[in-house]
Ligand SMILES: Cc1cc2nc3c(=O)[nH]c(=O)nc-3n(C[C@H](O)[C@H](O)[C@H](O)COP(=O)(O)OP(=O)(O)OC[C@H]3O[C@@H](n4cnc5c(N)ncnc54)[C@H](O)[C@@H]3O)c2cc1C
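Take a look at this one chain, the form predicted on its own, written out in structure tokens.
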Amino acid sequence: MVYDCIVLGLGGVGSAALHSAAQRGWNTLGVEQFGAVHDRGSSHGQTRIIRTAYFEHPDYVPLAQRAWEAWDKLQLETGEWLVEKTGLLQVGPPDGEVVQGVLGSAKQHGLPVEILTIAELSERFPIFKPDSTHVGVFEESAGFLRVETCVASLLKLARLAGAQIRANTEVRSYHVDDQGLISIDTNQGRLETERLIVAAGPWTQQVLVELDFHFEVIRKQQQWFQIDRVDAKYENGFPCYLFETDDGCFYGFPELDRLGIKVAEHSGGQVVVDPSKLDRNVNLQDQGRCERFLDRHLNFTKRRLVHNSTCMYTMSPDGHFVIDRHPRYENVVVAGGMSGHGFKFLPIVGQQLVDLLDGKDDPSFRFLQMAGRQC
């Protein structure tokens, strides 16, 4: 059988692309080296922040607005609770990357954000204790996505639209012949397709060996702590947060269940040479950095580590995504280098990948293409 489209990798990006391709009416197959909704790559760990006032670059703002609409639509279609609006508190030096970036995007796009002095921040959120020289920016409409539920819902909708899935299938190589037919060699035999979407996350470079993306895979460790503060609970108004400190950039989520609050470091991390051999043992140094952040910036008297989880960032050199056609093959597209902030955009990234295969070029995504970038 020759498929209309094959999607390689069914994490966050791949599940969204599979859904979009199946909706297009294509005979679509999703190929995953692990099981469905696995915890081996980048799309797991209970939660991901979703926000609009984007400090990384103001060009993300229109994409974030479209992504919000897409998640709301998916939530209605599935009947699953995918998005929670908790607000997002971002704290850092007034001239730092985070605060300046948030305010710049908010000003350019007319977004409602609130600047909080330390006194105002401490009065509204007494659980936090920011540095005296820092300021806060609160985005009330931000929140978080339930990551595993999002991936599972996209795969479910893809199946309902006719997509097939092959789990535990490892891709060894692919080849495009002179007529454009794509052959994929896997440990389960050969597959053929007219179109290919590569959404392999940390394994992108291993699939597209002929391209040099300059991606760097970074190990990330997430921790969950129980603390003795009732105002750390989601139902009591505890927001998502991101702190730019002199010791790194840290982020976290309210207590949702018995695991407690989640905290992780957005900066730092160890380079991963082979993502298939990621060290999933607890890194005490990483854990200690998060514990020091909590002790320094949250008010509590007792904390207890409950859970750890390890994932990976696939970093592009400039920290922006790569979403583009293959430079040699028009019927091969890739989304990679999501750089630790791509999950919130999944529905529109999946649609963009399918549009690229359909000959469409959305100008909103042009700053994420390969041309003129070291990727």
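Predicted model only: the values in this text are computed from it and were never measured. In this text, residue numbers run from 1 along the sequence as written.
The same protein has a further form, the form predicted together with the ligand, not shown here; the description that follows concerns it.
Q.
Test of understanding: in the model of the complex, would Gln222 fall inside 4.5 Å of the ligand by heavy atoms?
A. Yes, Gln222 lies within 4.5 Å of the ligand in the model of the complex.
Q. At the 4.5 Å heavy atom threshold, is Val171 in contact with the ligand in the model of the complex?
A. Although the ligand is absent here, Val171 would touch it in the model of the complex, with heavy atoms inside 4.5 Å.
Q. Are any of the heavy atoms in Leu74 no more than 4.5 Å from a heavy atom of the ligand in the model of the complex?
A. Outside the cut-off, so no.
Q) Using 4.5 Å between non-hydrogen atoms, is Leu278 touching the ligand in the model of the complex? A) Leu278: no contact with the ligand in the model of the complex.
Q) Of the residues Ser316, Gln33, Gln46, Asn331, which one places a heavy atom within 4.5 Å of the ligand in the model of the complex? A) In short, Gln33.
Q) Looking at the ligand in the model of the complex, is some heavy atom of each of Ala22, Ala161 and Gly350 within 4.5 Å of it? A) Heavy-atom distance to the ligand in the model of the complex: none of the three under 4.5 Å.
Q.
Only one of these stretches, 225-233, 290-298, 197-205, 124-132, has heavy atoms within 4.5 Å of the ligand in the model of the complex; which one is it?
A. Checking each option against the 4.5 Å cut-off leaves 197-205.
Q.
Suppose contact means any heavy atom within 4.5 Å; which members of 11-47 contact the ligand in the model of the complex?
A. If the 4.5 Å heavy-atom criterion is applied to the ligand in the model of the complex, 11-47 yields Gly11, Gly12, Val13, Gly14, Val31, Glu32, Gln33, Phe34, His38, Gly41, Ser42, Ser43.
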